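Next up: a single chain in structure tokens, the form predicted alone.
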């Protein structure tokens, strides 16, 4: 197994920023895209950080992403909006949409924005956190290119369809960011780069059987001849129908409400067509925000302090691991796999720019 290389966060940030400017994005958009990637790397969500640069290179070169395009409002009310992404970079579209939801929530108590005609937006939690940093409750969801099979099916019909919710709390905000598939597609890529087999129950091959070879499953995903299981795996015995149902709900909130594209019709007609959903809620709707945050924080601490299972020393609430990983990586650096480093060097050469990362 290849050992990861530690890279200084400021050097990685500078590399990404320069790369996106070289692609043709203005400084503000390049910073937004970089911020989302760096948040993933700093939180330990390695599948969606700099690991994704190669995918974005391909999406830009294939014309899925229209560099320089900006999102626009297609329909709007006092508390809601439909945004057309106009094939712009997903991070640019999504920050615009969540900022709009936040603005509406501050004026009316709630803001809901659904998005069509966008691209891959990175980690869902980045956008829910934009709301929680303003003292609001933030919700973010997206569909994606189809990689997930329905319960008892073998043809992918949904994306990994993550849902993220961020709620202010002390000493650590509640930060819940999950795929509605057993794992994110990027985890198969990372395992493939490391040369490690997959656990049984992650995905299904073209024959409708469990697949443990990461390259084979990745090829299946790319060829749409198999894919990942929804949360719960292949069987209702362990709740596959629950993950399947959550995934369908994300499709409704994103691809259907926006009059956009469901995951099984993405990558058609030269468009990626990914759709998103954002919501911001002002806790003032329910009473004193400080009292709500205090009660929520107390409960989370009671959960952390509750009795531990045999052999376990700690109960983590969502957001604690990300906060601790962030602090660790500020000091020690971000672990990047050698194959990803090679992809980054190749990208720098393609963009005719200095690599600029000391390894």
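The model shown is predicted, which means the values in this text are computed figures rather than measured ones. By rigid core we mean the largest C-alpha set that fits within 1.5 Å across both forms. Numbering follows the first chain given and starts at 1.
What comes next is about the form predicted in complex with another copy of the chain, which is not displayed.
- Heavy atoms of every residue among 110, 181 and 303 are located within 4.5 Å of another copy of the chain in the model of the complex.
- For the options 141, 188, 100, 137, the one in contact with another copy of the chain in the model of the complex, meaning a heavy atom within 4.5 Å, is 137.
- Heavy atoms within 4.5 Å of another copy of the chain in the model of the complex are found in exactly one of 41-49, 307-315, 63-71, 330-338, that being 307-315.
- Of the heavy atoms in residue 77, some are within 4.5 Å of another copy of the chain in the model of the complex.
- Heavy atoms of residue 251 reach within 4.5 Å of another copy of the chain in the model of the complex, making it an interface residue.
- In the model of the complex, residue 246 approaches another copy of the chain with a heavy atom inside 4.5 Å.
- Looking at residue 96, you'd find every heavy atom of it more than 4.5 angstroms from another copy of the chain in the model of the complex.
- Shown here without another copy of the chain, the chain has 191, 199, 200, 201, 202, 204 in 188-204 lying with a heavy atom within 4.5 Å of that partner in the model of the complex.
- With the core held fixed between this form and the one not shown, residue 209 has its Cα displaced by at least 2 Å.
- After superposition on the rigid core, displacement of the C-alpha of residue 196 between this form and the one not shown amounts to 2 Å or more.
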